[in-house]
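Okay, here we've got a single chain as structure tokens, the form predicted on its own, with questions on binding and movement later.
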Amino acid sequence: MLDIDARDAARAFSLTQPPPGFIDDPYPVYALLREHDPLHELAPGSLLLTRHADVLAVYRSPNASSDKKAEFAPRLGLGTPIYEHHTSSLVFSDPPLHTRVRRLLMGALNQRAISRMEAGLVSLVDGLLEHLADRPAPDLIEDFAARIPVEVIGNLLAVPHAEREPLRDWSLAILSALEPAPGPELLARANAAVSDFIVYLRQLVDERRRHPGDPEADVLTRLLQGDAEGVLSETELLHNCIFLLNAGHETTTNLIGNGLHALLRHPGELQRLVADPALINTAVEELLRYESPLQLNNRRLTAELEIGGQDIPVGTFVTLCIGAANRDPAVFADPDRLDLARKPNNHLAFGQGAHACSGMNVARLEARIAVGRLLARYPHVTAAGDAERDRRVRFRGLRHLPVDLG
């Protein structure tokens, strides 16, 4: 009887109307879906995948398109600013646009460039940690995690410090439009954010054209100059600058915030890392797996594809549940246990294949420095009240994480 009830619960699951408690703890639902309905129909022609092998197969398939024009037109509104943004950026495009933009970005985010960031990032984090001690009620999201990536991306684009204040709110509004069923108020905020961001970027671009920066350190200058194969159009340039901020801000804030929250809920693992700071590399990979900042991704099939032993027809919209794949017991032993020394750890938090996250090594660096230096400075940090979770399903993160620094 229990299996029948579990199977019915899995088949009834909806991303737009998830069951009570799903936002706070989606992992029991993911386990039901993996076991009882791993190719779950969200709507006619739309599937949700929860097994690691199936998600990986789609990521690696050349017949899985990232172009979202057909999907986003009815949801976001054809011709709206938010539609133009999400159909012009690197993450939601196919070759040749994806190839051109990714080549330019990867040239700017090479290992040499990332190494140059480290000293400045350490200084930034140490300054934030110093200020935490002065806060009467320190919040590891508002006062720490959310401040780091905005500064990093602001530095990459050489945005003047005095002009960075609106960046985080713009980013949150724009990315919230990617929820499964964004309402009219959310879409209005997203459209306003894109429009305001574009106005700002035009001024920044004009200034950078007059006064170019060092293309080895200034990503905007590098994008403006292009390469031997050409330059980006004005629309491509502006929207991919927005994408850089959004991708770098949202996921890294969530990585640091989720990671610290997980450690606070597992004090044995927290103290393990305090006692052995050399664990930080594997710790970051485990934090990425355990509470993946991006829970859902999407593809549209451009040819029939076999997934999980079934032939899925061309045109099918496929939602990839990264959070479920990263807890799949077929790949990860005892997947609901946090193990900072876990090896191997073939998580899918950054995707795989041609669309693997271009900023993954920047995010890893930020997380290593943020988590490592916070625990070195405040090894007895504990929670000081309940964390407040963001209520979105696509992105998993926290709004507030109050702590006692010890």
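As the structure is a computational prediction, the values presented were derived from the model and not from experiment. The numbering used is simple: start at 1 and walk along the sequence shown.
Keep in mind that the form predicted in complex with a small molecule is missing from the display, and what follows is about it.
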Proximity to the small molecule in the predicted complex (heavy atom, within 4.5 Å), stretch among 249-257, 230-238, 124-132, 302-310: 249-257
If the cut-off is 4.5 angstroms on heavy atoms, which of these, Leu263, Ala177, Leu90, Leu167, is the one near the small molecule in the predicted complex? Leu90
Among Arg189, Arg208, Arg102, Arg75, which has any heavy atom within 4.5 Å of the small molecule in the predicted complex? Arg102
How about His40: is it within 4.5 Å of the small molecule in the predicted complex, going by heavy atoms? no
Distance check, Leu172 to the small molecule in the predicted complex, heavy atom within 4.5 Å: no
Spell out, yes or no, whether the shortest heavy atom distance between Pro26 and the small molecule in the predicted complex is within 4.5 Å. no
Should His98 be classed as touching the small molecule in the predicted complex when contacts are defined as heavy atoms within 4.5 Å? yes
